[in-house]
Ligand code: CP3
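First, one chain by itself: the form predicted alone, in structure tokens.
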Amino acid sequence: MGDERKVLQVLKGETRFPPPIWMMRQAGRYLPEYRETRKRAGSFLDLCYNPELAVEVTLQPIRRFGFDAAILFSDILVVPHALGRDLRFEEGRGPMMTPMSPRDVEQLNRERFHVNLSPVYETVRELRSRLPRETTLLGFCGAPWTVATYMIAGHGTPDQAPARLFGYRDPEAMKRLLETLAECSAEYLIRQIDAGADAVQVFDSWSGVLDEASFDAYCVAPVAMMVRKVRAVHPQVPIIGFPKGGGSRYDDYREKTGVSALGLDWTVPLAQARRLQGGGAVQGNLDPMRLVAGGAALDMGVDAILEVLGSGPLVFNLGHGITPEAPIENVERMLRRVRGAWR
């Protein structure tokens, strides 16, 4: 069927070859049309909260490349912003917030959470009505641990030392913060699905900095809570878990959290990825720098993934987001390589 949503079917366990493809951060600064729309929006946050413009930038890579999935254009930090925390994006520095203390955890205000996020839900509804029928629509949120790292430090840090110290010094405050974020983020995903998302992804971009006990407490337990809450309302909707940097902890992450599919970063060995694929769909895991380099480096990376993972349920993707310096012609080359694959 021409209107079949291939990414959705793969996330549910089917095998397609060539595999369907999309890219994390596919709506972004590497595209000239995105940069133009970004100027019109004013601030980055204004772009996230403007349904007309958020729809436009989400559709841009679909129009240009025909990816098999579109992912809602937004940011993981709209969740703490909707809970009353201040947020701004500074050029060259990224997101900036007032650092959070343990006593601030009790001050998070859930009263207007969904009202504040209503423009995002409007964006999802409009996207579903405007996307091609065969294009899977993905919603997303940040995982509680990754969101908490920005809330606690007030900005991005290389190793998330402020958040790790926060957890060691006041484990009860950390537990309450992560549980609040898990509850609210699950509600956020449920509303996105209600509005038309076919599947959702949970980005845990900073799971790789934690020791074993902290990984279980900060990454596994909150995401498992989220999955239970989403499944109670939408039992058939696939949930992709992406614990970037998880290494050997990927092995039982799906079992412990209940996610349907695993997003793999580029450091996951393909032999491990093949084992993980035995439990269900995997997504990934091309090194984004191969996309920047192009040429033989790109071709070799694509071919290796297809050779090892192409015989099982695979959504071809990068192992993290596309970088602004990635040439458009290399994206086109990657698409031709994946879609022209044969066995």
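Note that the structure is a prediction, hence the values are computed from the model and not measured. Heads up: residue numbers just count along the shown sequence, starting at 1.
This next part talks about the form predicted together with the named molecule, which is not shown.
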- Query: Applying a 4.5 Å heavy atom distance criterion, does residue 122 contact the named molecule in the model of the complex?
  - Reply: no
- Taking 4.5 angstroms as the cut-off for heavy atoms, does residue 76 touch the named molecule in the model of the complex? yes
- Query: Within a 4.5 Å heavy atom cut-off, is residue 29 in contact with the named molecule in the model of the complex?
  - Reply: yes
- Message: Since only the chain is shown here, I'm wondering whether residue 140 would be in contact with the named molecule in the model of the complex (any heavy atom pair within 4.5 Å).
- Response: yes
- Proximity to the named molecule in the model of the complex, single hit among 71, 178, 100, 210 (heavy atom within 4.5 Å): 71
- Item | The unique member of 257, 192, 135, 205 whose heavy atoms fall within 4.5 Å of the named molecule in the model of the complex | 205
- Residues 215, 219 and 228 all lining the named molecule in the model of the complex, heavy atom within 4.5 Å: no
- Note on the structure: Only one of 181-189, 104-112, 197-205, 246-254 sits within 4.5 Å of the named molecule in the model of the complex by heavy atom distance, namely 197-205
- Message: At 4.5 Å, heavy atom to heavy atom, what parts of 17-48 sit next to the named molecule in the model of the complex? List them in sequence order, or say none.
- Response: 24, 25, 26, 27, 28, 29, 34, 38, 44
